[in-house]
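Here's a solo chain for you in structure tokens, the form predicted alone.
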Amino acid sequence: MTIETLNEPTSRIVNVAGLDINIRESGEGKPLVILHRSTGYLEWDSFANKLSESFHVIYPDLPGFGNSERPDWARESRDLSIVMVELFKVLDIKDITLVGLGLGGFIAAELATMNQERLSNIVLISPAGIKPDEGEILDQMLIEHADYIRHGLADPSHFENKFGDEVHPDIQDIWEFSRIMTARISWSPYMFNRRLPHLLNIITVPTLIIFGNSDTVIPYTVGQQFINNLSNGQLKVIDGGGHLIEWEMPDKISELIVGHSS
């Protein structure tokens, strides 16, 4: 059995647009920024660790999530995108590989339609942001946190492997805190912006969309909808992959990101 050695990140607080934003960093090389899912950051996992072997990984708590200050004025995902644009300026980073997961993919796409000057390439993993042509996005507000996570897994046994028989109260608190901000910025319409498809053609940097064809949270056909509106996009559909594909297949997804960024 191989035991993975984690490249433990350092943490610091950066003030951006009057907000204290918590960021974690690890690794060397060109910057790669991960924008987390609606459930918030839980740990420096195998996915982030693998990427830190090739990049200087920067993993912020989005505004209103985790240890970042909540912007009471924010009401759309685009509002958080604005703060992230400013974060890149404050950190003075360029040639960024921007990786967005789920809701983070929604925010990353919005960000790129506003300002892509500091971006080298983009990877959106099971991103929200577009209304599905077929089916609908699973509404996490209507079910328990744990059930929502289970829906995101292609192999339900991975839930118990990670959290055990009973989810720790601290993790439940993170999910609940994250749900508040998620509701504020994506409640109506839920997890999409009708304007976004019409703006995606603005993005010229290479963009990779990754979906699992067993995604039961967001129909994987949304990936093709992104591609239909991007001028420089590529779609990779992973056979047997669920919504939380970077969790269940960290090596495969990180390899795709490294290849896309080369």
Partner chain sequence: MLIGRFTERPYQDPSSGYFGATGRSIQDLSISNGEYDPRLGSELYNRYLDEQVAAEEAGFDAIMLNEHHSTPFCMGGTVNTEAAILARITDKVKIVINGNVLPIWDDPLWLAEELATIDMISKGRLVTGWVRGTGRESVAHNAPPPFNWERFQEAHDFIIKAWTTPGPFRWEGEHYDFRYVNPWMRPYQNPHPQIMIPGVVSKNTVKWSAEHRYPYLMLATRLEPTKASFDYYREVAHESGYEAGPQHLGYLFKVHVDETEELAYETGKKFLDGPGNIFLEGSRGTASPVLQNLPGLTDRKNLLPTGEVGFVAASRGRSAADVARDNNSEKPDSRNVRAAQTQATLADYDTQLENYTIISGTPKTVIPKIRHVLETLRPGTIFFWDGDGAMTHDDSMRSLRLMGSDVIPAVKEMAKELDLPGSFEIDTQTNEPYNSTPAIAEVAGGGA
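Residue numbers count along the first chain shown, from 1. No experiment lies behind these values; they were computed from the predicted model shown.
Quick note: we don't show the form predicted together with its partner chain, though the next part is all about it.
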**Prompt:** Does each of Lys94, Arg118 and Ile202 have at least one heavy atom within 4.5 Å of its partner chain in the model of the complex?
**Reply:** no
**Item:** Contact of Gly135 with its partner chain in the model of the complex (heavy atom, 4.5 Å)
**Value:** no
**Request:** Report yes if any heavy atom of Glu160 sits within 4.5 Å of a heavy atom of its partner chain in the model of the complex; otherwise report no.
**Result:** no
**Message:** Please determine whether Met141 contacts its partner chain in the model of the complex, using a 4.5 Å cut-off between heavy atoms.
**Reply:** yes
**Request:** Examine Glu176 and determine whether its closest non-hydrogen atom to its partner chain in the model of the complex is within 4.5 angstroms.
**Result:** yes
**Prompt:** Which residue among Gly66, Gly233, Gly27, Gly223 has a heavy atom within 4.5 angstroms of its partner chain in the model of the complex?
**Reply:** Gly66
**Prompt:** Okay, which stretch from 101-109, 142-150, 86-94, 119-127 lines its partner chain in the model of the complex, with non-hydrogen atoms inside 4.5 Å?
**Reply:** 142-150
**Item:** Stretch 146-171: residues contacting its partner chain in the model of the complex, 4.5 Å heavy atom cut-off
**Value:** Pro169, Asp170
